[in-house]
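Below you'll find only one chain, the form predicted alone, shown as structure tokens.
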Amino acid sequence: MILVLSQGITREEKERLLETLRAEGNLIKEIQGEEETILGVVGKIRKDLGYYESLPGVAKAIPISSPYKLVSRQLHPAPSTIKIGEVAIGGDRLVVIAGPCGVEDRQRTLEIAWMVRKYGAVLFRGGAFKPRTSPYSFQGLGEEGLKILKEVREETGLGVVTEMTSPSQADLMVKYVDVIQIGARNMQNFELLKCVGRIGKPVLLKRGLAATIEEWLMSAEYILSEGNDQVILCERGIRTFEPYTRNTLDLTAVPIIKKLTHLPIIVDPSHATGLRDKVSPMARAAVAAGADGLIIEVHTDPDKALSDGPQSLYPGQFEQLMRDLYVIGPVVGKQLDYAYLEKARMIRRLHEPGAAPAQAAYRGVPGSWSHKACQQFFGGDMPLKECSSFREVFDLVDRGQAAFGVLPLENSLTGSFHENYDLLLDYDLQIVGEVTLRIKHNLIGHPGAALEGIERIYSHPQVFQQCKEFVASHPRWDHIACRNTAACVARIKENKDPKEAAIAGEEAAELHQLAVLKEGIEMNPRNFTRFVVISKNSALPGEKNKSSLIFSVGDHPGALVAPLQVFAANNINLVKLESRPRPDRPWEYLFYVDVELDMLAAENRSLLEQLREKTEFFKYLGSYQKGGAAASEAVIGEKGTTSAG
């Protein structure tokens, strides 16, 4: 049962209500929403709903229809994010857990751990206790294996995931591991589920060999009913009559789980297929289906692995899979961040006593694309500062009141945000990072509203351009410009007029509890915006493989050829070359240039001097790690607007 509390409920009324519910033996979960507070009441409801609605402070009583209560989205509408140290599963960043099936020896395990970390894994998997079909197969190293996993964490910084097979191992799990895995064979070992519920550590719950989705969620309910809501579901294939793979990977479970429960879901393509050459295709498909992450078996010498060698990826295969996911992620609203752990530790250091104020500034409000870019780049631990203009973002960073600023710089359909390039000229700040988002625009209105009844639409001017074909098909609509898309959605909610709609992202609709009337109305689905991160003093960790520059040349034949020959002679690829009028000098032009190179690397610094010599004005804007979605760069190149070859 869900109790919606009255907005004017007093503290005394709330305490009396809680005492009444607890006296009946119920488990109570309080959820604070944007506009209302609800109590989830789980237990044997002995009275009718009318009784509970008559209690002081209760506005409404709603029954929970599903057999699983704590797991259900009825009780917990917002998706949950599970924190494992500095890693969050269920947010905007893809989480990849990787490692061998079993911990075999110290040297091999550490070798694999360093390798998967290098290629972007943020958690390490390895079995110390191995339930096997045959009693003669390798059963794991037991506590010795757990000690090796602890060493992996201490040396590499990767949190460790391992399987628990018996309640008798509880003390060892508390001592050594970060995430407890419940394997497929133990999904309905209810005493084990109760035990991990009481331990309180995050739990990775795999789907049983022939379990229905409801049975799987009921197993999760056992864990939550013991007070532990840190549960991650893992689809790992179910047993069917098909003999060509070990199991049949049920990817339909991913969107179903997303609809039924607030718990995050990851996919294990290694156990699902049992075949090395099938793992990467199914991993890519899992991300496309909406999975929050993957668990992948990797081994440096699979032919000698003591368990599951045929399904373990070689290091080179794992590296290529991660590169693929780096491209796929932004298409489905996710990011694979190679510097995930290093960035999280940097943010933690910024928050230490005595450090400068640590926050990232952006123009807009929660639910806007800039807000989403901040979340995907920094995760949930960086405080965010809303700004009313791009100049305010620059001012805060320049004065040291924000460590970083996040700004849109270029859209694949409508081109550059020239205001921000002009501001990069005015301020002594540098680009230190980049993130690319796929921009999927939706027509958002009041629930139940119809397209035929719309008279006015609100959005940002560039968004109207990105959706001009759809907008042109409704010539009677009035267009009203707003400073950002999320503010438009807030405005139509405040106006309460069903004849009004806004063009914005799905997150804004969810935040303001409005409806998507028409999905994907941008004129080209390959619509990406490139955001950059600016800073005055703070560098960001990770490989730097891209640099941005601005320069101008004299007004004479061949003036532009001279600096371009510097790039050509050194085999440097230009991914952007665009001219822009100089704000201070009419009829003179600046050239914006992005190159695939770290211009500050020791071996490249002479190039900067050569460019300064061959230009009238030159400004180095920064070197950073190229953002995800090479697909977006391909789109830009096809459009013929920014790719310079």
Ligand code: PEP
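Predicted, not measured: the structure shown is a model, and the values here were computed from it. Position 1 is the first residue in the sequence shown; the rest follow in order.
In what follows, reference is made to the form predicted in complex with the ligand, a form of this protein that is not presented.
- Screening 122-130, 168-176, 541-549, 318-326 for residues having heavy atoms within 4.5 Å of the ligand in the model of the complex returns a single hit, 122-130.
- Interface residue among S219, Q181, S368, Q335, judged by heavy atoms within 4.5 Å of the ligand in the model of the complex: Q181.
- This chain is drawn without the ligand; in the model of the complex, the residue among H441, H299, K206, K372 with a heavy atom within 4.5 Å of it is K206.
- With a 4.5 Å cutoff on heavy atoms, K258 does not count as touching the ligand in the model of the complex; it lies far away.
- The ligand is not drawn, but in the model of the complex it has a heavy atom within 4.5 Å of E163.
- In the model of the complex, the ligand sits within 4.5 Å of a heavy atom belonging to C101.
- In the model of the complex, R185 approaches the ligand with a heavy atom inside 4.5 Å.
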